[in-house]
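Take a look at this single chain in structure tokens; it is the form predicted alone.
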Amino acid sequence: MTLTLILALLATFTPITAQTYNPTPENLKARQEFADSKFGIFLHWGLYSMFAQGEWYMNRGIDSKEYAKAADAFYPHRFDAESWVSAIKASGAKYICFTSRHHEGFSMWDTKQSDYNIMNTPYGRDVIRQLADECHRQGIKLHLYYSHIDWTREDYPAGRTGRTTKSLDNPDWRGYYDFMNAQITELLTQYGEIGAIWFDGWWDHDSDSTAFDWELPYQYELVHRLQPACLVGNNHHQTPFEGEDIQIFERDVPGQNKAGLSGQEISRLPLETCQTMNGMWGYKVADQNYKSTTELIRLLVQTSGKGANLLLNIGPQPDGTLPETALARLSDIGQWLSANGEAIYGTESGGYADGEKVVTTRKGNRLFIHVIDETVGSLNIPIEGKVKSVVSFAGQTALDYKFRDGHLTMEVIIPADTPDYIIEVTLK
């Protein structure tokens, strides 16, 4: 089916009844591959990078028409998809999630649905095309973030945000909904295999005064019809809706709610925690508060201990380069994963955790105990089954232990400067 025909059918598509979602075998396989991957990199990059104030800068009351003038100067002349993907692959990440269109409404690809896109800048090259081609070449999955919110288009019915950026007199939900679906169709028919569509913005209309039907089942059905293996996730901070394939937790490990966005129940779907490497998602020139390598490794271990992925964010600079500190962190994480990835990739939750001190991952009959707090002096861990051996993962050196009444007890001495001391338990 040609793209023109798809768009024509889409324009006349009127939902009648909700569909019951039955994931295809391709989708179920993709879910497992996603769950096994454990580590991805989030890239928040758009016109907002030019202002160097983070991705929400326009919502401070900036007039959208004045804001849009920045497109005439957007020239990320140092953007190199090969360099980006190579650095991310070397970090041990298995997929990239890229912001195709954030709340500002600017599209980072050659969309035919709006002139407000990367092609109408001095740069004039399709960023998603370059990323997609390079991801396919290097064997990294590409996921695409897509905002349900638009602070520029007047047909988007403004909710809690974007109320001071544009006129609120001309909302047209049907026209805006068709526009979004036409863009999603472009993304899923012109750029090869896409691993997931990562929606964001449902929360803009989550209050009684602004709530309305987002018609998500029909949008999800469109994604699955165009690419059955493409996963659907939505950063709505709720328990998953029908048609979703992954559950997202923002700024928190599943089961925690320190940031106030992740109090929802944990589902049986594959899980993902998204977190920033510094403070902001988009590039902010003053934000140099990067988490240390040790903090990031421990965050990856904690999410793995919950059976979840870590989607770690970087905000590229307006010239198209990744910040030097972010590149250094990627390199450090890659070195650690090259030595310890066996205890992370392809694992599931080991079923035991002691706050932020000890977590466990499991792969078959191998249980990995991750001690991520150097103050831990002794362990007492319940284990089902019988223990065959207990060794240090790094040196495969036998360790002293006791196993009685289903509890493994042992003393641990953690070497200095060890972000994660791993003990491997083989079960009979």
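Bear in mind that the values here come from a model prediction, so they are computed numbers and not experimental data. The first residue of the sequence shown is number 1, and the count goes up from there.
There is another form of this protein, the form predicted in complex with a small molecule, and it is not shown here; the text below is about that form.
Q: Please determine whether residue 42 contacts the small molecule in the predicted bound form, using a 4.5 Å cut-off between heavy atoms.
A: Result yes; residue 42 sits at the interface with the small molecule in the predicted bound form.
Q: Looking at the partner-bound form in the predicted bound form, is residue 85 within 4.5 Å of the small molecule by any heavy atom?
A: Taking the distances in the predicted bound form, the answer for residue 85 is no, it never comes within 4.5 Å of the small molecule.
Q: Would you please decide whether residue 235 lies within 4.5 angstroms of the small molecule in the predicted bound form, comparing each non-hydrogen atom pair?
A: Yes, residue 235 is a contact residue.
Q: Would you classify residue 131 as touching the small molecule in the predicted bound form, given a 4.5 Å non-hydrogen atom cut-off?
A: Heavy-atom contact with the small molecule at 4.5 Å: absent for residue 131.
Q: Please determine, with the chain shown alone, which of 213 to 221, 273 to 281, 116 to 124, 326 to 334 has non-hydrogen atoms within 4.5 Å of the small molecule in the predicted bound form.
A: Among the listed stretches, the partner-contacting one is 273 to 281.
Q: Would you kindly say which of 191, 198, 98, 79 lies with a heavy atom within 4.5 Å of the small molecule in the predicted bound form?
A: Contact with the small molecule in the predicted bound form is made by 198 alone.
Q: Taking 4.5 Å between heavy atoms as the contact cutoff, choose which of 290, 345, 173, 203 touches the small molecule in the predicted bound form.
A: Only one option qualifies, and that one is 203.
Q: May I ask whether 55, 145 and 250 all come within 4.5 angstroms of the small molecule in the predicted bound form, judged by heavy atoms?
A: Yes, all three are in contact.
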